[in-house]
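Coming up is one lone chain in C-alpha cells, specifically the form predicted alone.
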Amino acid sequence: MAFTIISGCVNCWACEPLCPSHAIYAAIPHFRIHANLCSECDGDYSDPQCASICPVEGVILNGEGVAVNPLGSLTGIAPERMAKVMAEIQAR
C-alpha cells in the first residue's frame, strides 16, 4: 500500500527531501506520491517521514484513506477539545 497526499497540501517542500524512497514529487496543484515507489518507510524508519514533518494535519492518507498525520497530531490537542482551546486563546 502507498500513501496519498490530498488537496490540503500547501506545497511547503518539507516532505519531498525526506522521503527515503524518493516517491514524493511536485505536481499541480499539490505534491503527489508515486504509489509504486512509496514504501511507507517500512524498514527504513519507525514513523513515515512525510507524515512526521508535514505541517498540515490530515493531508497524508494511508492506503485505507485514514490520515497518517491525524487532527491533533501537531498540537497534541484532541479534535473534540480544539474548539474549546481556540475559544480560550481568542478570549485572551
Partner chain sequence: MALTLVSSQHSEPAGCSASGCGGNESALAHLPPQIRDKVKDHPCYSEEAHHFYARMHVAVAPACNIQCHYCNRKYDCSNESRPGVVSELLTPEQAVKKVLAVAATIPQMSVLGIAGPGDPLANPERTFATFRELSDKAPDIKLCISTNGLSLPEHVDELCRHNIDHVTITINCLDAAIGAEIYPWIFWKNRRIKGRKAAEILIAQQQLGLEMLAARGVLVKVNSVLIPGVNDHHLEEVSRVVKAKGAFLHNVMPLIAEAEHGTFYGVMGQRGPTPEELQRLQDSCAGEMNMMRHCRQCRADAVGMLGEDRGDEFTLEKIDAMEIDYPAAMQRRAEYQAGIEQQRQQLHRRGETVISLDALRPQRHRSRPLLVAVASSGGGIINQHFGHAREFLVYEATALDVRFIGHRKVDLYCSGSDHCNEEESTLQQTIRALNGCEVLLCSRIGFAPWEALEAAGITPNGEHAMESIETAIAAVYQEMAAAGKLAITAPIALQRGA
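What we label the rigid core is the largest C-alpha set whose atoms superpose within 1.5 Å from one form to the other. Positions refer to the first chain, counted from 1. Here the structure is a predicted model, which means the values were calculated and not measured.
Not pictured, yet referred to below: the form predicted together with its partner chain.
**OP:** May I ask whether 12, 76 and 89 each come within 4.5 Å of its partner chain in the model of the complex, counting any non-hydrogen atom?
**Re:** Checking in the model of the complex: 12, 76 and 89 are all within 4.5 Å of its partner chain.
Just to be sure I understand the contacts: of 29, 63, 55, 43, which is the one whose heavy atoms reach within 4.5 angstroms of its partner chain in the model of the complex?
Selected option: 55.
(Q) Residue-level contact is defined here as any heavy atom of the residue lying within 4.5 Å of its partner chain in the model of the complex; does residue 81 satisfy this criterion? (A) Yes, residue 81 sits close enough to its partner chain in the model of the complex that at least one of its heavy atoms falls within 4.5 Å.
For this session: Check whether residue 85 has any heavy atom within 4.5 Å of a heavy atom of its partner chain in the model of the complex, and answer yes or no.
Result: Flag for residue 85 set to yes.
Exercise. Do residue 51 and its partner chain share at least one heavy atom pair within 4.5 Å in the model of the complex?
Worked result: Residue 51: contacts its partner chain in the model of the complex.
**Request:** Determine the residues of 26 to 41 with a heavy atom within 4.5 Å of its partner chain in the model of the complex and present them in sequence order; the list may be empty.
**Result:** Residues within 4.5 Å: none in this stretch.
Checklist entry - Quick one: core overlaid, is residue 10 moving 2 Å or more at the Cα between this form and the one not shown? => result For residue 10, whose C-alpha is compared between this form and the one not shown after core superposition, the shift is less than 2 Å.
Margin query: So that I can tell if residue 21 moves, could you say whether its C-alpha shifts by at least 2 Å between this form and the one not shown after the core superposition?
Written below: Residue 21: C-alpha displaced by less than 2 Å between this form and the one not shown.
Kindly indicate if, in the model of the complex, the C-alpha atoms of residue 8 and residue 84 are closer or farther apart than in the structure shown, bearing in mind the change is 3 Å or more.
Closer, not farther.
#### Entry: Cα distance between residue 8 and residue 83, which in the model of the complex differs by 3 Å or more from this form, closer or farther
It is closer: in the model of the complex, the C-alpha atoms of residue 8 and residue 83 lie at least 3 Å nearer than they do here.
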